[in-house]
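Let's start with one chain on its own, the form predicted alone, as structure tokens.
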Amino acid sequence: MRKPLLEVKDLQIKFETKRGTIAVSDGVSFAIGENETLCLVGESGCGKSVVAVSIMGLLPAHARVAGEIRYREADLLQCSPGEWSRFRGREIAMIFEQPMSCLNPVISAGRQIAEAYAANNRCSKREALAEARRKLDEVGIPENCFVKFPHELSGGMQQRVMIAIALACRPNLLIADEPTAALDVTVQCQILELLHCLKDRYRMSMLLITHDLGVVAEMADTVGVMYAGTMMELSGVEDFFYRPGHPYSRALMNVVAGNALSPIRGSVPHLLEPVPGCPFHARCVDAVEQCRRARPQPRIVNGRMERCHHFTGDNSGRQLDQMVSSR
């Protein structure tokens, strides 16, 4: 059996603040295989982006991290900053949510791509600029945009520049944090199609963070459902849509089912105050006393990881083809 490209084991991340310790990731585990896409879903504040940033080694100094993040044979959490920089960009790259806040406003789009390439390759300035032009063409940006500054580009073009920067060194793993946020529907589809084509061309693996279940249906091989810093369910994409196991997964599906929105009552608990028992029990329609007292342990049922005191069986979810066609 082939080893996964990336394996995260029992990842625990805590931030030390003046108000106390905030546990933003509590025992998160998952694996991503070669040429596989894992989508992380869940409401804002559930710890998805923090997990992604931890893989890049970009957590702030006051973060306390335990567990393992294994990329091939290397445990990244044991690497020095210099060793980590060998992986960042060359092996693992990341697209952030807001491209305008990530791009340098006083450097042209082409030069920013060239700088990303030169930072990870021994090459001349001319070679870096030539590669930047090739990357612009590859992500569908016109040649005249090479000398334009970020503010002169549309949101979709800015995101394409971010993709070009991330792929400058042809990484094996691409992390995309809400890559279609704040874009109109037409541009979202274009960006997703671009990512899909580039993933197949370079045979990359992807960790994709999104709130859009249509994006999940279109892109994912595996789906991880996070809530309050905890991985509640980890399953194949078809199981997630046709047979969602955890009550939170079913609640997420119900939000967009039918013609009317069905919001989940309540809100995500503040991570500064640990919740006894299951972190979702206060909002769960199936909660019993055991859910309030005891924290559920992860278990595997038919290849699906689930943290729930109840056996869920074959629960029917929204059809996968309906989710794709709704985009």
Partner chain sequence: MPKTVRIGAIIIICLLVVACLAPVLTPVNPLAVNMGEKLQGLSRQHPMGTDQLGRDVLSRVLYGARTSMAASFSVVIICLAVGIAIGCIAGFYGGVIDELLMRLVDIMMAFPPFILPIAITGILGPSLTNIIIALALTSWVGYARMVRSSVLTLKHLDFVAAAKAMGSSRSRIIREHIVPNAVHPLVVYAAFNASHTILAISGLSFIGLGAQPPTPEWGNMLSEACSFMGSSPYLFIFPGLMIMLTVLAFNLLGDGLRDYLDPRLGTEVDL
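Positions refer to the first chain, counted from 1. Please read all numbers here as calculations on a predicted model, not as lab measurements.
One more form of this protein, predicted together with its partner chain, exists but is not displayed; see below.
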**Prompt:** Are all three of Ala109, Asn144 and His151 close to its partner chain in the model of the complex, meaning a heavy atom of each within 4.5 Å?
**Reply:** no
**Prompt:** Ok, Ala31, Ala63, Met56, Ile69: which has a heavy atom sitting within 4.5 Å of its partner chain in the model of the complex?
**Reply:** Met56
**Asked** Of 84-92, 201-209, 70-78, 129-137, which is the one stretch near its partner chain in the model of the complex, taking non-hydrogen atoms within 4.5 angstroms as near?
**Response** 84-92
**Prompt:** Applying a 4.5 Å heavy atom distance criterion, does Asn120 contact its partner chain in the model of the complex?
**Reply:** yes
**Prompt:** Leu173 near its partner chain in the model of the complex, any heavy atom under 4.5 Å?
**Reply:** no
**Request:** Could you confirm whether Glu115 comes within 4.5 Å of its partner chain in the model of the complex, counting heavy atoms only?
**Result:** yes
**Request:** Verify the contact flag for Ile165: yes if a non-hydrogen atom of it lies within 4.5 Å of a non-hydrogen atom of its partner chain in the model of the complex, no if not.
**Result:** yes
**Message:** Using a 4.5 Å heavy atom cutoff, which residues in 99-113 contact its partner chain in the model of the complex? It's fine if the answer is none.
**Reply:** Ser101, Cys102, Leu103, Asn104, Pro105, Val106, Ile107, Arg111
